[in-house]
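Single chain ahead, written as structure tokens, the form predicted alone.
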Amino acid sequence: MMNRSSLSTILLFLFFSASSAEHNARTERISGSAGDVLEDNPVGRLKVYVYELPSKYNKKLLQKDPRCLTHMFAAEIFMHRFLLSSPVRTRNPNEADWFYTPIYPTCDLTPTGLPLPFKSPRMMRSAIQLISSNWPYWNRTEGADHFFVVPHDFGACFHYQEEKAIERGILPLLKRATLVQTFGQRNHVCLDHGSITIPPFAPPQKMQAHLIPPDIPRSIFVYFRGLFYDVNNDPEGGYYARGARAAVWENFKNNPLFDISTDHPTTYYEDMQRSIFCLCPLGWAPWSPRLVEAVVFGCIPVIIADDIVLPFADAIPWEEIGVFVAEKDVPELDTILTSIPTEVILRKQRLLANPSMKRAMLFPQPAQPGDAFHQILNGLARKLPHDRSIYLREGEKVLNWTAGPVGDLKPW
């Protein structure tokens, strides 16, 4: 903990250097391979065939509940729309490098807008049965040249609670496919080797509407809005966020450098633009839209989620734009952040000011070069050419169609 003298020094630093970062050091491009990869153009490097499925797998679900367009899992919808008009799309499946199945497994919402994953496995099995029966391409590889967008909390494990997600594991029929998912955590059963980790959806137009002039100083040192406890789902405490959010509140609720609360003010986006550090702790899953919001608004993300795999980690230099704090070190958060040299903070802010960083985290309408859509395609292109070993001999089967919980085998 800090003494009074240290606090005064930090407050002076807060008002002086934050504004100097905005005025004197505008932007910086990451040098070397990371910057080059971030700006790759996937067009001409791959061809994607989009299966035409009955509308019950996608459009009818959206018609039933348009809220699916605005929740954090909406990447599954916008990726479908993007691919339909993308120059990488081919209508000739025989020349395709990848096959995409447009299915919206998170578009089943509660009255409060939370997605229910419980029908998703049956829906996914139904779609795979359909494409394997009507086209020959799935059966050639049992999905090894197919990709699916699965933006649930724990991806294709299809459950929002980690213990149950681990118990379920990845849907067996997706074991050979490439999964495009928001969930990413090293050494976790719900992250398959070769998956592409993407950012959650955050509404670009809404964020654009809340931009403030760039010369307004960053007068908040640490900012966070959100739950510290989930009393409904974790009444005894300690399980939600593995106790990390509770530790933030218990240690820093009265610290003048920390603007933290459960309130979600109408000035939330503006406040992030006035902040130097934005806390991005795990919740039920290690990721959240705060990561996207922090990058877009130039607030240095403080990532508190052990072993997290971050979006497009081969292209975005997370170590250079963010701060990583181990969950066990949360009680030392004030010391950790106030010990970061001014020049390091200013460089992180310059890198965050680069438009290419912001674009890579967003799913804009219409799409833009270098955005999250293109980063997904870049990730798929870097997996080419496919190894010949993915192709099965005629009649050969690898996947077990009857594996998994009994409930998943019921018709959808």
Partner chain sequence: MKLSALHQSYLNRRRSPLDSSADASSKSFLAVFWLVLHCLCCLISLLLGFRFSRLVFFFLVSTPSSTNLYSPPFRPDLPPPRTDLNPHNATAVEAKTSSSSSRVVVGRHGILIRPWPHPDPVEVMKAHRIIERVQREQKAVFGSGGKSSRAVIAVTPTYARTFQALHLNGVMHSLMLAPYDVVWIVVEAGGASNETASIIAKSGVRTIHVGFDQRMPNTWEDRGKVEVLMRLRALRVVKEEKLDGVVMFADDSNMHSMEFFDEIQNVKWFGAVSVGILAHSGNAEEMVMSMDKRREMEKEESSSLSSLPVQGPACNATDKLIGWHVFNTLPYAGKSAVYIDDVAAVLPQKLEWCGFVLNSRILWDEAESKPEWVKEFGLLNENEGVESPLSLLNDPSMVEPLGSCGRQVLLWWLRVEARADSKFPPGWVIDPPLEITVAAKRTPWPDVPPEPPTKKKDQMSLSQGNNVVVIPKQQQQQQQQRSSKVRKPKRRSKRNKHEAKPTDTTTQVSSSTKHHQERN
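Positions refer to the first chain, counted from 1. Quick caveat: nothing in here was measured; it's all calculated off a predicted structure.
What comes next is about the form predicted together with its partner chain, which is not displayed.
Annotation: in the predicted complex, residues 74, 143 and 294 none come within 4.5 Å of its partner chain through any heavy atom. Residue heavy atoms within 4.5 Å of its partner chain in the predicted complex occur in exactly one stretch of 133 to 141, 209 to 217, 260 to 268, 83 to 91, and that stretch is 209 to 217.
In the predicted complex, its partner chain lies farther than 4.5 Å from every heavy atom of residue 314. The closest non-hydrogen atom of residue 157 lies beyond 4.5 Å of its partner chain in the predicted complex. In the predicted complex, its partner chain sits within 4.5 Å of a heavy atom belonging to residue 335. Although the partner is absent from this view, residue 411 stays clear of its partner chain in the predicted complex, with no non-hydrogen atom inside 4.5 angstroms. Of the residues 203, 281, 115, 301, just one reaches its partner chain in the predicted complex with a heavy atom at 4.5 Å or closer; this is 115. Taking a 4.5 Å heavy atom cutoff to its partner chain in the predicted complex, the contact residue among 290, 125, 242, 176 is 242. Within 4.5 angstroms of its partner chain in the predicted complex, the stretch 239 to 266 places a non-hydrogen atom from each of 239, 242, 243, 246, 247, 250, 251, 252, 254, 255, 256, 257, taken in sequence order.
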